[in-house]
Ligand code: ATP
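Below you'll find only one chain, the form predicted alone, shown as structure tokens.
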Amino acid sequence: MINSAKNEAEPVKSQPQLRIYSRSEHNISRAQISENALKVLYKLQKEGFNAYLVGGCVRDLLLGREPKDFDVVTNADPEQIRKVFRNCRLIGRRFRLAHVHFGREVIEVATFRGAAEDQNDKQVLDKAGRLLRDNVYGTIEEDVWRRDFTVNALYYNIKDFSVVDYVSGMADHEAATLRLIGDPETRFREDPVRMLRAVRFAVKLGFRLHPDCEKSMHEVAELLSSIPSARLYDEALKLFLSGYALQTFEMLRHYGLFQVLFPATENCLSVEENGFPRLLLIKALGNSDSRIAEGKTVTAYFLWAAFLWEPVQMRAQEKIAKGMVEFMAYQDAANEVISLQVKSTALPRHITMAMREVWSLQPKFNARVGSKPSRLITHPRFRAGYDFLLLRAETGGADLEVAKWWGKYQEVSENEQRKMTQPPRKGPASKTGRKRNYRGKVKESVIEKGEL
């Protein structure tokens, strides 16, 4: 094996430094690979094309993890791939890809990308250097330079079961270092989303970012704001719903990326760094990670409700102070905060509606007398709203006694629920010894008449 300590100090070369690791030098077995991925690899090979597994699946297999997806790369172009597989569909404009369908499993097949030095109609960059379209095809030696990180640029060759490494990816793998291929600033300018991917992979893999990568992220973080909000929403889902939300949050803030995704939230956190807002968000992210670790589901709308709660609350309190009714204040504040947030991450309508419901339930939990509790508990978002109330209570933003009351209310019988919601009894009525008739005249009591 390559000496990882020595390699870590060396920059990624400008020319491929090919190293082939034979089957005996790595731990990848065909038994770990999806049967459908193997079918695609062998079919392409049978048709006379070269075919490799590449990217995250190779990286995860080397780590002993089960890959989520298996991606294939080949020297066949998209049209040739479609002729080989009848169950194939071509997708994408920015990068032309082939999806080979096997029921619910989809094997993504890409053509080797070329190194095209000059722009043409197949490769388009904007003024900032961001890659808008790239359908330039090439060889494996060229393709490797189009990939982002060295540990994602390892190729598993189905012909002889070897791992092909052009960029010392195996050494970086051993050193647990996430390093960009090529000049970091240039690569980030090509696609600023690579900064988010760097954070996601570093946290997920437990790798550290290479110093050159870190330096560039600090310098060009603002480029992330040029990415369409719909794409940033998709990337944010990957960041926060993968089981490492709390670490990801801290790392994004460290590199100045969180403020691009959640500007209103960052403004609140910068004002009250050690106060309630941060505690609530940290608690929400920690709970999310725990649920994912336990195999439970986590909803995006609940997390986004936690991300944006403090901006909503601050705006609502300002409106209430000016005389607005509480319910209307929260409704208006939610509208304003969401309108701003969708400019950063384009939230789908069903997500924003669910968030509004969770927020609007919060003031209603204060009503614990009469028929209101029995109606509130039947609300479709009651459980999410109650969980959010608990979150607020645990971090000092709501009355803990109210949260405990609602916890008990859900567990007791209907008869007990009726008792819990009865208005408090007034003191015993004073006996005046007098009563009035229907005309308001005073009648003597039986005591005054001496009948007893």
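One-based numbering along the sequence shown. For clarity, every value in this text was computed on a predicted model and none was experimentally measured.
Omitted from view is the form predicted together with the ligand, to which the following refers.
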| item | value |
| --- | --- |
| Location of the ligand contact in the predicted complex, chosen stretch of 65-73, 416-424, 379-387, 32-40 [non-hydrogen atom, 4.5 Å] | 65-73 |
| All of Glu250, Glu266 and Arg356 with a heavy atom within 4.5 Å of the ligand in the predicted complex | no |
| is_contact(Asn152, the ligand) in the predicted complex, heavy atom dist at most 4.5 Å | yes |
| Residue contact check: Asp60 to the ligand in the predicted complex, 4.5 Å heavy atom | yes |
| 4.5 Å heavy atom contact, Arg231 and the ligand in the predicted complex | yes |
| 4.5 Å heavy atom contact, Arg194 to the ligand in the predicted complex | yes |
| Contact residue in the predicted complex, chosen from Phe201, Phe85, Phe365, Tyr255 - any heavy atom within 4.5 Å of the ligand | Phe201 |
| In the predicted complex, the residue from Arg147, His173, Arg189, His210 that sits within 4.5 Å of the ligand by heavy atoms | Arg147 |
